[in-house]
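The chain below stands alone and is given in structure tokens; this is the form predicted on its own.
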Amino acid sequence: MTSWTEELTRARLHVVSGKGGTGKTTIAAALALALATGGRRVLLIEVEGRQSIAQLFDRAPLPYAEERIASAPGGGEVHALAIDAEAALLEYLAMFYNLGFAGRTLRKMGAIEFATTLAPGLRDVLLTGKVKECVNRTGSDGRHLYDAVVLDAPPTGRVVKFLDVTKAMADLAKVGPIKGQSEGVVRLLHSGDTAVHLVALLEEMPVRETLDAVAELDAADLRPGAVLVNRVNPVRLPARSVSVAAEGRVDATRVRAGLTAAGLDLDEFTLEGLVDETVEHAIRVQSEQEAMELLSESDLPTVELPELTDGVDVAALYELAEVLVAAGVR
């Protein structure tokens, strides 16, 4: 496991993506807690309309407003925001065109839904625009309101398109607020202030998709951050025994002798089951080691997070955050 780098520490927007089913939302929440450790203020954002953050933290659905949802060790705070595209558009119209009342009228007419259906990319433009506003917002003292923002982004299959949709809008809009807003989003997402972290499992498809995402991010001039390897199981065999056991060469007699020496007397059926489990474990370990070697081709910092055998709850999020802090996240 390689540690968090100084370059990642300087990032203010941490985008978290991953193949569906890898646990990216769980890891995004744990990352927000880790970044808040030590007294920092962090905003956790979701954009897919699933209210996953509220479910993770066992809360009622989040409104379109920033709410404090957790404390972190050392006096830190995690706030959360579920961005709604319609609300973001109304806010955008009020902010840049002074059309607050007209915007509400448009909503009643269904014009906003019509607009986002007609131009699907507009939805992502609104979402990334709101993220940028949260990252750049300052308080009365001139300091950023949030020390870091964590974005639970769409899956790897469409994360590059999501992040770069505003670049196309900036090219189309030649003047006015849309032009300036779009350019600001592009600058943030393509700067050293943003890092795109990828959540992976030690399985062939998630690993392949992670490597493909790294290549796409590089091609789009977006900065890959760290690979966060989720649900890593402990290895319970000596390294020298893994390949032998994976081939099915487990000496049941030696296993029985070891168990007897430990004061355990197992019947033949139980012993056979134990041997079979040893072989299965060795096969899995070997497969995961091969997947980790493949992931190393990305040449990115890699952090391993353990399998949570009791499921994911708020306590588990803090447990994962501790692992991230131990890996240097700050």
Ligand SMILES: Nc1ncnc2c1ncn2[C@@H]1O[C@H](COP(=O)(O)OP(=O)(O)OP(=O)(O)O)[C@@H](O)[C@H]1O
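Keep in mind the model is a prediction, meaning the values are calculated, not measured. Start at 1 with the first residue shown and count on from there.
This protein has a second form, the form predicted in complex with this ligand, left out of what is shown; the following refers to that one.
When contacts are defined as a non-hydrogen atom within 4.5 Å, none of Gly192, Asp218 and Arg330 contacts this ligand in the predicted bound form. Comparing 242-250, 73-81, 228-236, 136-144 against this ligand in the predicted bound form, the single stretch with non-hydrogen atoms within 4.5 angstroms of it is 228-236.
By the criterion of a heavy atom within 4.5 Å, Lys19 is counted among the residues contacting this ligand in the predicted bound form. The closest heavy atom approach of Leu320 to this ligand in the predicted bound form falls within 4.5 Å. Taking the partner from elsewhere, Thr26 is found to have a heavy atom lying within 4.5 Å of this ligand in the predicted bound form. Put simply, Val314 is far from this ligand in the predicted bound form: not one heavy atom of it is within 4.5 Å.
If you take 290-313 and check each residue for a heavy atom within 4.5 Å of this ligand in the predicted bound form, you get Pro306, Glu307, Leu308, Val312, in sequence order.
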